[in-house]
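What follows is one chain in structure tokens, specifically the form predicted alone.
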Amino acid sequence: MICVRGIRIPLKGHRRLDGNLAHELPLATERALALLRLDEGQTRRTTILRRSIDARKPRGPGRAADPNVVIEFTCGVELKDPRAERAVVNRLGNPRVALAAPDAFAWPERAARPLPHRPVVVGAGCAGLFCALALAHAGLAPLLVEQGDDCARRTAAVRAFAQGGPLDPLSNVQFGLGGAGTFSDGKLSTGTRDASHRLILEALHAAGAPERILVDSHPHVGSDLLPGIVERLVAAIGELGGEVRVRTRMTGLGLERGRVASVELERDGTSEAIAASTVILATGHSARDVFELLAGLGVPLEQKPFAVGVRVEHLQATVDADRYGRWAGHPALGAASYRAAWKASGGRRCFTFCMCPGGQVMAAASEPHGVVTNGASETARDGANANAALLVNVLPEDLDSPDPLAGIAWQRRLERAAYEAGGGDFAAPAQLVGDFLRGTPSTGPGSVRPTYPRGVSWGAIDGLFPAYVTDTLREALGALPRTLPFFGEDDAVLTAPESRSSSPVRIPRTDALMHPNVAGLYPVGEGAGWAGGIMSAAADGIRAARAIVASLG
């Protein structure tokens, strides 16, 4: 296949640019073949390999109010005579034209020999699901355990809690099949590079994700589709010989002579100890009981930096107008997203995270008497508001103890303070941006209506955070309108706290991905402090599975 990059088509005047890949393919193909100096009769197949939006505004004096929006494609062209492809590339000598690299990454081949006992994967988030799937492909028949529910019952529990029902500490936005990523925007873009990324995207597409995730530069799935996709991934693990148990907690870990010997599992009040020589901990950033279990066993853990802050909501129409100008609402563009960062005068960073276009703020608590927010959006991203976490980094030196679990205690105090400030019953403290900058408590919403489903308690959020967090948020909110004008709107809503963006604990591991003090224990994913986001966590799970298979020869 010949890969043709940098096919740039301005949005203006091209009706076929409408976001539908089937409609856009002929236009992109026409440009690709013109560059290659070929006609359609010489090709066997053409395809879009990548699609991105360039909406940068012109720089310098006389800067236009509207960006010159361009859709950029990378196309794949297969010739009827594959032997001629290299000759075409060599003839052109164009850096934008090259032979496509072969996709060399695949699921692990069957292990050379079995493990003494089947591997146990604890936690069915992104890392655990893809680790178990890779181990199942290798014929190792993994046991995947998840303390939360299957997707159908978990969805019902999340919906009931959002509507004012009781919190289920074992089945909520944080816990259950698919992990915290199931009730999110399902963003699949990542700042990391890993050979397994294409494999992960293809597995998600095979499980029901839209074809667009294979080509979009910033792909997403949507929280309305993710539960069904997760269930199909679970079914695939079973078809390959693995076993998945929900509502099953790891309550003990047996160690003998510095290595894993067994795990204790509990379901419906009944405990079972099973022999295990390989345990993969993929428990996520909110599995505080697992960190406490490891600490109680004397397994070394480490503090690590994490981040806390607020969810900030703007009208999506305002974000669209700022990012796309007169092109806002064009079907080829969809809801606009953004990303922002600011380094405060004291050196501390403030940044956006998990930006959800057309989404809502989620009630993401997993413990009684604690308020936690998160963000989500569905596939269509057609909600009235845009929301994003606006976070400030918290460093180990900010904590009041060298205890590896001090960060968890810090998070828990914040979440409980927010519960009290919200008046109980999981209402969240909220304040308008303008009032926050002026130091004035808010009494109600303006043009932006908060979407947090358990209701908000208007007032001031200053007292929830240490001064270094509040001061950094204020400085960032005062500076960000220079590049993102909508951040200067007084009516934008701050809902607190966003406290679970990352794990405050790292479980150390060697280059072989095994804990340096406990043979057979593989810490992976966000909870172990080795990944962040769906793609990097899934890649880390696959990486651990490949290390296990490699250890078998």
Ligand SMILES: Cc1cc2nc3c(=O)[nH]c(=O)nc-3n(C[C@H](O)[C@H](O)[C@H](O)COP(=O)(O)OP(=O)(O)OC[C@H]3O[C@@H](n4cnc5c(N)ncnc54)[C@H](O)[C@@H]3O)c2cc1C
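Quick note: we count residues from 1 along the sequence shown, nothing fancier. All of these numbers come straight from a predicted model, not from anything done at the bench.
We do not show the form predicted together with this ligand, though everything after this point is about it.
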Thinking of V122, C354 and I534 as one candidate spot, does this ligand come within 4.5 Å of a heavy atom in every one of them in the model of the complex? yes
query = Does the 4.5 Å heavy atom contact test between Y324 and this ligand in the model of the complex come out positive?
reply = no
| message | So, L414 and this ligand: in the model of the complex, are they within 4.5 Å at any heavy atom pair? | response | no
- Applying a 4.5 Å heavy atom distance criterion, does P504 contact this ligand in the model of the complex? no
Quick check on V371: any heavy atom within 4.5 Å of this ligand in the model of the complex?
no
This ligand in the model of the complex has a heavy atom of only one listed residue within 4.5 Å, and of V290, L233, V469, C75 that residue is V290
In this chain shown alone, the residue from V310, V173, C131, L204 with a heavy atom within 4.5 Å of this ligand in the model of the complex is V173
Per contact check vs this ligand in the model of the complex (non-hydrogen atom within 4.5 angstroms), the hit among 334 to 342, 138 to 146, 296 to 304, 448 to 456 is 138 to 146
Contact check, 159 to 185 vs this ligand in the model of the complex, heavy atom within 4.5 Å, ordered by sequence, gives V173, Q174, F175, G176, G178, G179, A180, G181, F183, S184, D185
